[in-house]
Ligand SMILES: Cc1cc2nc3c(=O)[nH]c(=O)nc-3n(C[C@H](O)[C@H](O)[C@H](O)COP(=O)(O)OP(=O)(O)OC[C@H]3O[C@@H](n4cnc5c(N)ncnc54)[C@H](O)[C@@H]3O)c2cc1C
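Quick heads-up: it's one chain on its own, the form predicted on its own, in structure tokens.
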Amino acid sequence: MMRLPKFEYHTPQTIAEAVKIMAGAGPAGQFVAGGTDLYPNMKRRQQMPKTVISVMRLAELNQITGDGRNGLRIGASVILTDVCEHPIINRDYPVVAKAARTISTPILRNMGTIGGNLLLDTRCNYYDQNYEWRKGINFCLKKDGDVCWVAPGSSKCWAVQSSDLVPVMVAIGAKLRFVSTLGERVIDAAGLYNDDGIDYLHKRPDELLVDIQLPPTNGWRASYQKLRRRGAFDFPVLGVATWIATDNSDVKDARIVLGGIAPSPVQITEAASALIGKPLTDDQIIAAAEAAYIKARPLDNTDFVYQWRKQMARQYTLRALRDLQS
């Protein structure tokens, strides 16, 4: 049985108290919400904070306010089940509810939070193993070693960003609000993620994710498609989020974002360009899907053969865009 290492556990009642404790803990501190990512990592000795600060009791992080007309705020500690079932999210932002519904199992969605999914650690077949297994291969670049076993000649870690909600938030243009003892800042979701499996977030360790701000819908539409071996539980080995804004019958703006194939979500600008200024016809959808296929560069560090995952980038982009035709 894998056991947690020893740590101090704090349950602050306010955001100010939480960030103050984190400032005092320094690099040895870690925020936790549902713990579905952090605690397994601690058991595998991938993360070993000395101070763990729970943010589940912070009232501001557990609220959902607003609507599609004015924009919606979702507290970072809102559990995924509530995201799936919230009537306004289902009515005005169905793509968010759909993507959340594909995450893991009902039991884990009752524990995991939307903020935790957006800050999810990157994953890799060589990294997501127990300590003894990783020690047997002399560890890897992401933790305790000096070689990336995915690409041994590379100085970069290629662990994969495997969140279902990240490509959706990037595609729809969501913003994220962070707070620390130094103040607060709001950044675009697209600006949070870094193309490095180790340094995968543009976020300071002392910053607390407070809420996610969804923009007013203003007639835009979005869709998400997920590839995984099993129809439940598995992480995505490819996720495709599509977003379009239309002017009469023509697409005036578009975003195509791939997840599960690189250390950060991948925006395919060439795919978006194939749609803009034209009606969303089958020909335009096929052109966009071909552009997504050309730019997709999955590596051999998750489930399925990576060449086949590249092929599926075309098919899943087709599916996601065809969802937007109706």
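Note that residue numbering begins at 1 and tracks the sequence as displayed. Being a predicted model, the structure only gives us computed values, none of them experimental.
There is another form of this protein, the form predicted in complex with the ligand, and it is not shown here; the text below is about that form.
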Would you say all of 30, 35 and 112 touch the ligand in the predicted bound form, counting a heavy atom within 4.5 Å as a touch? yes
Of 257, 288, 55, 296, the only residue with a heavy atom within 4.5 Å of the ligand in the predicted bound form is 55
Exactly one of 120, 84, 245, 172 comes within 4.5 Å of the ligand in the predicted bound form through a heavy atom, and that residue is 120
Quiz item: Can any non-hydrogen atom of residue 274 be found within 4.5 angstroms of the ligand in the predicted bound form?
Solution: no
Is residue 235 a contact residue for the ligand in the predicted bound form, using a 4.5 Å heavy atom cut-off?
-> yes
With the cut-off set at 4.5 Å between non-hydrogen atoms, does residue 225 touch the ligand in the predicted bound form?
no
Item to complete: Decide whether residue 187 counts as a contact residue for the ligand in the predicted bound form under a heavy atom distance cut-off of 4.5 Å.
Response: no
Only one of 245 to 253, 156 to 164, 89 to 97, 213 to 221 sits within 4.5 Å of the ligand in the predicted bound form by heavy atom distance, namely 156 to 164
When the ligand is considered in the predicted bound form, the residues of 69 to 90 having a heavy atom within 4.5 Å of it are 76, 80
